[in-house]
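What follows is a pair of forms of the same protein chain, given separately as structure tokens and numbered structure 1 and structure 2.
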Structure 1
């Protein structure tokens, strides 16, 4: 509710601001920090950020650790950026706790910073834009269990044990299972977010379980790996993944994958950049947007089945609505 109110307040301000400050504040440089170059999710974040920057006449600079999710590397990238002094920063911590000292460095340098995707455990931010992994796991699993009419045998393929994303997603899966007493959980085994490992785990599980009706995979790569294993054994099960990757959408289109939970990475990139630029232009910002997960299915995949570059960022008015939890 509070966001909607904020939005109403913001509108007149926005109009006034558009005339007074936009012209003098063009051409800002926004440094965008993402976790790695390997997860397609962050590619969508980056394209979203670029897209929004272009619309608002600003520039982006991308900082990505060469070793995926490397804490020391992101820390040294922050040190570099503090010297370079971009107008603002859009920041995803590679580790929500370990990067707090890094965020404090940014705060000390008085560079405005927006937190996206993973909520930092500390530091001062203009706003937070993200989705939560728990509801992503919960909603996606609910969709699968509904498709199975609440009965049948299920396996879970987990991501990297101990990683925050995995803990939350699997917790969501399990809570959805609790709501469906007719569902039997056969096994919860690790695939470490890797498709090969997921394929092998699925092959192994099929040996000891004659009937598997559903697979809850903590990301799309593992979901696709599990599907390959099922195909190889000429068996059928409903499979869901998480991330809304292009590969997952293709699999949904062809009916191999039931659904993929989408974190709205593109919108996160757009909105994070939007808030950073708006703050620089002294326009009102929304302090917190927790996006609802989108369950991509055969009924609604079309808007996701377009090249990233031609997707369109939400407007501020839409963002105000998205802000409602």
Structure 2
């Protein structure tokens, strides 16, 4: 429960912490790189970054590929940011290996950079802020399989093949399946973290499988796509997602979605921006924060049912208490 409290703290506490961190300077520009505009998770990250920048009297500049997860486009955006030279960068690579040369260009330009969400395979960073994808996959899958009483037919809709988040989440799914020998895995196919692609994958899976009892989706956008496919075919199955996005909360409230593993993109945006600004102000930073998962269900969704713009970033003191190395 410690983690769940993170995004919903009292404003006076935050303002007090912010006041103490503005002693050296302000007005910095933080360039925030996210992977796409199609996954609501990254909108959550961006709002968290904006929130923290505003509190600390800095400003953000967002770099988002117009084509989701485009490696060439993000590389081009890095070329642009190196020229514009912001105060610091908060960086999510669209591909954890392919973007290493880009990170090295940022390093060569001596622009401080914080890595969030997907851990880069190389380059130098002030901090890493992310979540435990394996635990997210394992715990959300366990919740679904328990709801099915450990029996039935399951399909997995994966994210982008080869991406770190997908590899770890699907590994968690599969380990949960190993704990339940009464569950049959019918198929495991990629939906590339996109709602429309997941909808199409689910439609195809339903054509070849007369009975699907559960769907393990590696993010909320794909879970919503799977639900739309089920509704379109007038079929029922228990579905879980990951990310704790607003659309997932709405689907949990309406009973369409069983659960979502909270990846807390809002906190990732907050903390990544916080560390960048603190480094610029020559204040201590935390080298690594790996956020623990929370499974959001109909029993505990209310604290998460808060508009993004109304959420409050954690303080540095609270960040210190997290899973910090």
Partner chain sequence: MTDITKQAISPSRSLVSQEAIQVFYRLLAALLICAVLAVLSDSFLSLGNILNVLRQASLTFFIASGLTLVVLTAGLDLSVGANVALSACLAGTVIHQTGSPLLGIVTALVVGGAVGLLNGVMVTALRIPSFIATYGMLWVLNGLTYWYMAGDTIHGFPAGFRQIGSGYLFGLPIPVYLLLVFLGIGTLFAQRTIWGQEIYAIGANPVAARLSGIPVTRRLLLVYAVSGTMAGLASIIFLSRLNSAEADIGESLTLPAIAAVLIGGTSLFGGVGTVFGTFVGALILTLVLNGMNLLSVSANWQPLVTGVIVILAVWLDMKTRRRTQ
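For clarity, every value in this text was computed on a predicted model and none was experimentally measured. Note that the rigid core is defined as the largest set of C-alphas that superpose within 1.5 Å between two forms. Numbering follows the first chain given and starts at 1.
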Here the form predicted in complex with its partner chain is displayed as structure 1
Does residue 281 move appreciably between structure 1 and structure 2, meaning a CA displacement of 2 Å or more on the superposed rigid core? no
Notebook entry, point to check: Do you see a C-alpha shift of 2 Å or more at residue 206 between structure 1 and structure 2, with the core held fixed?
Noted result: yes
Could you check whether the CA atom of residue 71 moves 2 Å or more between structure 1 and structure 2, using the rigid core for the fit? no
Taking the rigid core as reference, the Cα of residue 232 travels between structure 1 and structure 2 a distance in Å of 6.9
Aligning on the rigid core, one finds that residue 146 shifts at its CA between structure 1 and structure 2, in Å, by 3.9
